[in-house]
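What follows is a single chain, given as structure tokens, in the form predicted on its own.
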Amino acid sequence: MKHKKIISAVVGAAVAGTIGFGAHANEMVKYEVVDGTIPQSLTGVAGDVANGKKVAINRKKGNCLACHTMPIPEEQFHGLTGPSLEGVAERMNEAELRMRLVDPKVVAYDTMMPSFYRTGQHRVLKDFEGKTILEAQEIEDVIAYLRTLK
């Protein structure tokens, strides 16, 4: 029997237009956790690989390089705290990656990795209280990029 849990998350920064399923900025976006994964897209819109790479390496957005090495030698200062993201597409499927980005603490409670699509984070700047680090479509974009790392 599969374990299912429905979770709501608040979309953080303002977004022009619509985020999949008719949700607008600051509305709740529901997703379902099944066996420690999130099988369904948060937006229903395919991720953009190029934007996903930009978000992943942006020091004020995904900031993956702070903790992970990535197969992008043109970027400096790769982290060594987390596992290398080279070949991550061979180790994790889309649903597993989505869970790791949305709320990795569901899978590994003591992980240092932040939850990129959850509110209620501890010790955040006042401007970020009640907001997510990434927007729903940015999560899907980063997943699309990570799926290219084989």
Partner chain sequence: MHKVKSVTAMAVLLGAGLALGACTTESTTKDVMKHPYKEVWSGYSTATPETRAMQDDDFANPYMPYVDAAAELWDTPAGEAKKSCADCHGAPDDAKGGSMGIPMKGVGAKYPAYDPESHGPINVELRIQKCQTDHQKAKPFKYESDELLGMTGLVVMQSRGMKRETKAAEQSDPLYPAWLQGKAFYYQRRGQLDLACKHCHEDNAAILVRAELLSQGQSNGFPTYRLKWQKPGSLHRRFRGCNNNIRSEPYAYGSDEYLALETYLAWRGRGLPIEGPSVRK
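Computed from a predicted model, the values in this text were never measured in an experiment. Numbering follows the first chain given and starts at 1.
Missing here is the form predicted together with the partner chain; even so, the following discussion is about that form.
One stretch from 43-51, 89-97, 120-128, 29-37 that, in the predicted complex, holds residues within 4.5 Å of the partner chain by heavy atom: It is 120-128 that comes within 4.5 Å of the partner.
Please tell me whether any heavy atom belonging to V106 falls inside 4.5 Å of a heavy atom of the partner chain, as the geometry stands in the predicted complex. Close contact is absent here: in the predicted complex, V106 is far from the partner chain, nothing within 4.5 Å, heavy atoms only.
Consider Q137 of the chain shown here, and say whether it contacts the partner chain in the predicted complex, taking contact as heavy atoms within 4.5 Å. Close contact is absent here: in the predicted complex, Q137 is far from the partner chain, nothing within 4.5 Å, heavy atoms only.
Does the 4.5 Å heavy atom contact test between N63 and the partner chain in the predicted complex come out positive? Although the partner chain is absent here, N63 would touch it in the predicted complex, with heavy atoms inside 4.5 Å.
Does T111 reach the partner chain in the predicted complex, with heavy atoms at most 4.5 Å apart? Yes, T111 is a contact residue.
R59, L80 and I133 all contacting the partner chain in the predicted complex, non-hydrogen atom within 4.5 Å: Every residue of the spot touches the partner chain in the predicted complex.
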